[in-house]
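To begin, one chain is listed below as structure tokens, in the form predicted alone.
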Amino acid sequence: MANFQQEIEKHQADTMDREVFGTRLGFVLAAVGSAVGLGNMWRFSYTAAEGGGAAFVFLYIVLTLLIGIPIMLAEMAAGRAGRLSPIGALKKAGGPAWAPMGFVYVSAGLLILSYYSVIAGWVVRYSFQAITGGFPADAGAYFGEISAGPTAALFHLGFMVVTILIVTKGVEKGIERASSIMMPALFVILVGLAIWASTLDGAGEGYAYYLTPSWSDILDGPTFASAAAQAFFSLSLGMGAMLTFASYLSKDENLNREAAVISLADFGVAFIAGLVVFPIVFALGLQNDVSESTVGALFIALPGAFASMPAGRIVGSLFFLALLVGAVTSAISLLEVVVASVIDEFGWERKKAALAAGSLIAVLGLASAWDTDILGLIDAIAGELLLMIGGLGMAILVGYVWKDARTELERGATPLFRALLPIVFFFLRFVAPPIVIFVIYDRLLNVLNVIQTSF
């Protein structure tokens, strides 16, 4: 026990000069940038279409409130208290036995970025195509040409280079500065696209599908599991991003306020993206194309629609530009989890850690760039299963193990939130674990199904 206390004191001394965000707004925009990404605009519209539209949206909101925000608060509290990345923070809160769970967080971030950057590379390619030559008439054939092989690998590597360069600049000059520019731009673009989409002939039908709940779908087990997994992926939970960003906060920061702002902004982007996508889908009769696959929704159906629409090139360029902004901000946070862990565990300086971690991820991502079946498998394992395992571990750690968790959550909190803390702990202890265990079981079955059908 004495050795562990000495280790804590050493970490406290080592982290006194830890990097910090320059402003509260900078942290919020960076955290929102982590949460807002392709998960909002790539996965959300597809999973909503697959899950019955508004039924899925309703479940997503409920699950965000019941388990998403409490687990986000738990991650942020552990990160701020430890002033360390996932491995060190979890070990500090729960003891050495919790270090493996920290490795789960880091592994999830590493694996997700390895294939996420491939998809982001597709977005870059479509953005260039839209601006320079317009969308191809045969979107399916075009996607088949660029989605795998040397071209996909090249754009994946290029995207990783940009991500690495931003992270090497540090928390304030790199991550905060990039997020402060890109996130306001993304909101402006999306709102403008949503206003334009409202003028389409099929907008009313699209809104009806999107916003009218089907109660039978709400009771469907796979829809429930998909909504929970989407909430975790969209909020960047279970991958250490919120924990790592919170480790750069001051001790008196109001975590409950920040968690509410981040969750609201994240849902706002996802919801507005649906107000863009569904009117387009119904205006051009693409419902079946969108619900067939995530790829069909984003890289075949919508580009094909843009190619056939008046002003489609302009609208499509803005849409993929918004996607690209979200992809960059999320990728930054994923890489920062790995980089911060290398810095904290091995004492490397930031540039060396960023280059080493980014290069490893870039090499691993080549497998996904060459084979979309591998990409799908890693997404099923890391993008859903590992995130849920990480979330379960965090709920147990803060709900049952970490004795100072309540004290940490009370720091900087409003009197109202302090009064509501028993409810937060109730969710962490009794609501989140059974829900997450059910989703882990469902996602494990999904992984086995992906293996069986793809390999």
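Residues carry their position along the shown sequence, with the first being 1. Predicted model, so just to flag it, every value in this text is computed and none were measured.
Beyond the structure shown, there is the form predicted together with a small molecule, which is absent from this document and is the topic of what follows.
Problem set entry | Per-stretch contact check against the small molecule in the predicted bound form, the hit in 232 to 240, 135 to 143, 88 to 96, 349 to 357 (non-hydrogen atom, 4.5 angstroms) | Partner-contacting stretch among the options: 232 to 240.
Exercise. Considering Leu38, Ala395, Ala405, Ala49, which brings a non-hydrogen atom within 4.5 Å of the small molecule in the predicted bound form?
Worked result: So the residue touching the small molecule in the predicted bound form, by this definition, is Leu38.
Problem set entry | Among the candidates Ala130, Leu298, Leu334, Ile361, the residue which, in the predicted bound form, approaches the small molecule to within 4.5 Å (heavy atoms) | So the residue touching the small molecule in the predicted bound form, by this definition, is Leu334.
Exercise. Using a 4.5 Å heavy atom cut-off, are Ser34, Tyr116 and Ser330 all in contact with the small molecule in the predicted bound form?
Worked result: Verified in the predicted bound form; spot residues all in contact, yes.
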